[in-house]
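Okay, here we've got a single chain as structure tokens, the form predicted alone, with questions on binding and movement later.
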Amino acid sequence: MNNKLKVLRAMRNWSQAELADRLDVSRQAVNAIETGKYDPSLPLAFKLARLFAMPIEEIFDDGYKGGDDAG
């Protein structure tokens, strides 16, 4: 899953450690999410959305392009 976390963090001049403290997670967790090695849990995704005042889908892109497959 692609995300804008690194860009959003850099715009605020926060280190990974500072963001981790705000989220109550480890710096390693922030790094893993930024690099796409780990997808955040839903509660953590909501925390990120609240912290950056953005909808989750503006921070994370699952690659879904839409379309009418609902039948």
Partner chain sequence: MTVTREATMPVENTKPHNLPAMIVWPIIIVLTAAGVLGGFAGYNQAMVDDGGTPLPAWAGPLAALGFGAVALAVYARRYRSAWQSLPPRRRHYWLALGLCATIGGIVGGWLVADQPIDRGFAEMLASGTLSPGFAVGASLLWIGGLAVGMVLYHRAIDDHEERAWLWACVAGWYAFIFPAPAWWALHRAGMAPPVDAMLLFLLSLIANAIVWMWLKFR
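Bear in mind the structure is a predicted one, so any value in this text is a computation, not a measurement. Residue numbers count along the first chain shown, from 1.
FYI, the form predicted together with the partner chain isn't displayed, but the following is about it.
- Remark: none of the three candidate residues (7, 16 and 58) comes within 4.5 Å of the partner chain in the model of the complex, counting heavy atoms only.
- At the 4.5 Å threshold, heavy atoms of residue 12 stay clear of the partner chain in the model of the complex, well away from it.
- Heavy atoms of residue 54 never reach within 4.5 Å of the partner chain in the model of the complex, leaving it off the interface.
- When the partner chain is considered in the model of the complex, residue 62 lies well away from it, no heavy atom lying within 4.5 Å.
- With contact defined as any non-hydrogen atom lying within 4.5 angstroms of the partner chain in the model of the complex, the contacting residues in 14 to 49 are 18, 21, 22, 24, 25, 26, 28, 29, 31, 32, 37, 38, 41, 42, 43, 44, 46, 47, given in sequence order.
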